[in-house]
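This document opens with one chain alone, in structure tokens, the form predicted alone.
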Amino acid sequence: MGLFDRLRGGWVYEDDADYVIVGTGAGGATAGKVLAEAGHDVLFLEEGPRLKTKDRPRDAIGALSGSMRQAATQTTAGPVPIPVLQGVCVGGSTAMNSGIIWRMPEDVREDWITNHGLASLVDEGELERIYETVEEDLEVSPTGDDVLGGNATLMRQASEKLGLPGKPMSRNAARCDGKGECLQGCPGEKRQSMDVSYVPRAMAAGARLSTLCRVEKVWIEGGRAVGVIGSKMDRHTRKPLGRFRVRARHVIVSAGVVHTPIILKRSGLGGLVGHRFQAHPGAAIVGRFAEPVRMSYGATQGYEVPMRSRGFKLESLSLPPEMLAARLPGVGAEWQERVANLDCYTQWCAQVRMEAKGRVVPGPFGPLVFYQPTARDLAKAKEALVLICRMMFEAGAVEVYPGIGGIPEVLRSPAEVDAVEAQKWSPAAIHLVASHLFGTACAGANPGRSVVGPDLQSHEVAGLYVMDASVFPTNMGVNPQHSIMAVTYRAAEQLALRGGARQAA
């Protein structure tokens, strides 16, 4: 036991609040902003550091190491691991995503009402009001032509030629100046991620923030959540310095789809906690053009082709040069020649709405995510990637690099795409990455089929709430951040009304 432990009777840090919120991503930040502005005493606990945008590394490796869990090396378990991307810093994954905004599709909302009893949570009028509020707060607007950039512009051209339903992305970055550095944190803080928007707004309203606090379990007494317990982490080594505890009248867990169920399980919750893990795994294809594309300029993601009826969505996705170079095929002089023309490439990706359901369980060295796409999921992925290849040639590509195992590294004509489409692709051939995650603490009116109720309070433990994408009973087929914020905003407003005013000091 260290000096601080002895001085504090075994705890290096103790505090109390009306509401303790575990996590500062889209869910936690929104809940904190609503509750703090309603006059409640709110304490944010964030496992990662608070990274000032101006101080964040501008190289991709440095950015990933400092802001993403396991430096973006976290994967699913099983024979074909899939990288699972999650932020671990103030702002969570919003601090390095592209700020893409989609309202919840109506078919998803109706499904949640009909099959999960969530009519009060996703009331149409209330969600409309909340969307309008959030969109004004976060400066949401379509990506303008002036910052679309060559990568997205070529995708638009291909979409129009093929008659596809493409459109500029709506993003929380109306003042974007096209530096293409969303991954590293917007240099001028023009993208309204949670670390530069709702967390500071909550703090302006009186909320407090304690970083480098890894919550391990909910503190439960008499069947009610009364706080949280965890470890205070060293900023540089990320190793525990000692134990902390926070007492609160209400606990809100917003630690993300992978870590929220782990906290709940450590706290003694059972049932369907950790079940129904769902995702939008995606893959990307690179194309080479004869003339410069200038991927380095423009919104990191500016154009999309939603194909919901076919189960996928196509997106432009620019990469930093060091990551783009790693995607190029060839060795020796051939590879060097391609790298010498680094300004001539596009990269477009497919996000697939997969039917597969997995599970998150505690492991000896951290959470284990068991997840395996079905044959139908992989067929959809193949369809989407083949379409991207065709789009690139339609836009004028001279070479296309599928990056898919077992097929040619370089395609030079649409006829070669036909041949690739006719081949049977191995399940391990497609290199998927999962960034949109859902489930593991699903909401629903029936306690036998869900973890939290329509108010997002645990069916098992009073005063314990989950407010992140863990509560989504289904995946969506579109980017989830806006819907996470909307349902959290709705639940937090209801909680603020029930929770009473801030207690006098």
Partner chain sequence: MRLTWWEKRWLEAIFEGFAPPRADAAEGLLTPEPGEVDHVGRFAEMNEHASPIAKLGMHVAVHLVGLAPVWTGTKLAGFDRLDEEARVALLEELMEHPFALVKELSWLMKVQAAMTLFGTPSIRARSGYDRGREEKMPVRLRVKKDGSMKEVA
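Computed from a predicted structure; not experimentally measured. Positions refer to the first chain, counted from 1.
One more form of this protein, predicted in complex with its partner chain, exists but is not displayed; see below.
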Here the chain appears without its partner; judged in the model of the complex, the stretch of 401-409, 264-272, 98-106, 152-160 with heavy atoms within 4.5 Å of its partner chain is 401-409
Although the partner isn't part of this model, could you tell me whether residue 296 comes within 4.5 Å of its partner chain in the model of the complex, counting any heavy atom of the residue? yes
Contact of residue 379 with its partner chain in the model of the complex (heavy atom, 4.5 Å): no
Residue-level question: is residue 335 within 4.5 Å of its partner chain in the model of the complex, judged on heavy atoms? yes
Does its partner chain get within 4.5 angstroms of any non-hydrogen atom of residue 237 in the model of the complex? yes
Check all three, 64, 73 and 431, heavy atom within 4.5 Å of its partner chain in the model of the complex: yes
Could you work out which of 342, 226, 174, 307 is the residue within 4.5 angstroms of its partner chain in the model of the complex, going by heavy atoms? 342
Select from the listed residues 118, 328, 384, 397 the one whose heavy atoms reach within 4.5 Å of its partner chain in the model of the complex. 328
In the model of the complex, which residues of 357-380 put a heavy atom within 4.5 Å of its partner chain? 365
